[in-house]
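Two forms of the same protein chain are encoded below as structure tokens; each is given separately, as structure 1 and structure 2.
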Structure 1
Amino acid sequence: MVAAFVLRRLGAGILLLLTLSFLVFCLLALSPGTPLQALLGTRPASPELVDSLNARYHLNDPFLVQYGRWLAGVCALDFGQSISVQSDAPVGQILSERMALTLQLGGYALVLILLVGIPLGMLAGIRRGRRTDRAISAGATVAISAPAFVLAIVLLYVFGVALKWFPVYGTGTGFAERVSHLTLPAVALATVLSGILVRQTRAAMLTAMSQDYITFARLRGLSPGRVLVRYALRNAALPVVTSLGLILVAALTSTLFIEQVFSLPGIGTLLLAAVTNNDVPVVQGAVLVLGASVILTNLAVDLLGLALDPRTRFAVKDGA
């Protein structure tokens, strides 16, 4: 039954990616400027050069023919070649280089979110109505309200320019330098998203702690730690995991602003440069990779939910 569920989700994901790629292709076709202008650059637009570029990149073909040719290449794992970001470089190679850095930044931020969000959310839920709960809830509200790019600029100025504790741009070489260069961007990204996780964890813990099985466990004389870990946290895990999936997606898609502030050559800055220069193959490839990342993340969260809560397995079985 789980295999059928995964196949249905993957089929729906493929249809969603097709729709997304077609809509983006339409928007690029309707946007100001043309790929020919990006290919010409500062060179004079002689008739011979224009005809050569049109023939090489099939720019005179009908819209649907161009999209069909791109789609056929994608099915063969050929995303085409960049026309402006890195002229004539394979799009697949560009995406793999840029996506690696974005995944590192998102993974670093996710670790910080987990280390901060879940413990604080649990503590706020356990100490409901007390000063600790009010302080954590207020801090989470402030974190959620803070724009990520503003927080990034503040962190960059305070810890990078004024105190000089961390580098202000670049990616570094080696593991230690890479961690040092990504710390401020990861903190800026994690601060906003950890506030969401704190609120979600607190709400899940409040719901779990108010259930009858928690009262019965306490009446049986179980230790507070065992009640918390075995009963409360286990039953509060499903909504927390669901929110983690959304947070991970937000972390990947929010790196655009963070990468711009810290001059990181990730997928966000690549997408912005490609849109500015009307580099259709790079834009299409980046959107496809980001869309696939979102779909696979949601699928992984659903599978983890099936493992954590047996009731969801029956729902999947009934749906099958």
Structure 2
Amino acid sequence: MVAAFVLRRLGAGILLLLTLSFLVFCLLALSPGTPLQALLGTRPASPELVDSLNARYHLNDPFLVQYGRWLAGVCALDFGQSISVQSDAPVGQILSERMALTLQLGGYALVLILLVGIPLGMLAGIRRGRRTDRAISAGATVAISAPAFVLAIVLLYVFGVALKWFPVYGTGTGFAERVSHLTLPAVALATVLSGILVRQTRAAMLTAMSQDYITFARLRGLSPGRVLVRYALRNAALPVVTSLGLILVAALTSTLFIEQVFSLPGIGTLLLAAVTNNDVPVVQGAVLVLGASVILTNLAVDLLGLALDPRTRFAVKDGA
């Protein structure tokens, strides 16, 4: 049952990616600049050079043929060559290098979120209305209102420029250096996302804590620990899990800005560079990777929801 559900969702996801890539392809065709200009760069546009470039990149083929060629390549896991961002490098390789850095940043931020963000949200929910709650909630409001680039610049200035605790740009080599280079960006990312998570967790905890089943559990003399974990936390987890898709969306956009501020060569800055330089294969590749990550996360969120909530689990079984 669940397998059928996953297959159906994956099928829909692939369809969605196809549509997405086609739309982006159309968009690129509408672009005022052409790949030819990007390829020529500052070189004089001699007819021979133009011809050879056109032939090499199939620039004179009809629109649909170009899309079909790209698609055929993708099916064979060949994403083509970069035109201008990193001339002639295979897109697949660029993507995996860039994605690796972004994932490191994301992983680092995730650790911070799990260690700080979620516990703070739960704490605020449990101690609702008291000073702890108010302080945490106020902090979360500032965090969700703060644009990622503002936060990044403030962090960069305070801890990089003024206090000189952390490096201000670059990625560093070796594990220790990498960690120190990624600390400020990861803190910035974790802060933005924790803001959202704290609010979601707190609201979910408040809702759960005010339910009749909590009162009834207490009245039966269940231990406070059991009431907190089995009743409050389990029920509060549901809405938080459902909001993870939203968190990912926020994470992707925030990453773009944070990479930009700290000049990190991640997937976000790659997309930006490719877009502004009309590098069709790279844009297509990056959109595909990002789109797939959104689709997979949403699927994972739904599966997690199924695992947590018997109601949806039975609904899937009934084929509803």
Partner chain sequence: MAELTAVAQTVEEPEQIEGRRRKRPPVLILLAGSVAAAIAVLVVIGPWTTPFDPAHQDLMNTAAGPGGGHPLGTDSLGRDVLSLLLAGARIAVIGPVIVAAGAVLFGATLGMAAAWKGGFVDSLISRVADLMYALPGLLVIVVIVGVLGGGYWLAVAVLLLLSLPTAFRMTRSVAAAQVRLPYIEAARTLGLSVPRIVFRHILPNIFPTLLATFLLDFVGALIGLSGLSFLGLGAPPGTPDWGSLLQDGQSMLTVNPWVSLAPGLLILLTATSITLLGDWMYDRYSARGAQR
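Basically, rigid core = biggest C-alpha set you can superpose within 1.5 Å across the two forms. If you're wondering where the values come from, they're calculated on a predicted model, not measured in any experiment. Residue positions are counted from 1 along structure 1's sequence.
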Structure identified as the form predicted alone:
1
Using the core for the fit, does the CA position of residue 153 change by 2 Å or more between structure 1 and structure 2?
no
Core aligned, does the CA of residue 244 move at least 2 Å between structure 1 and structure 2?
yes
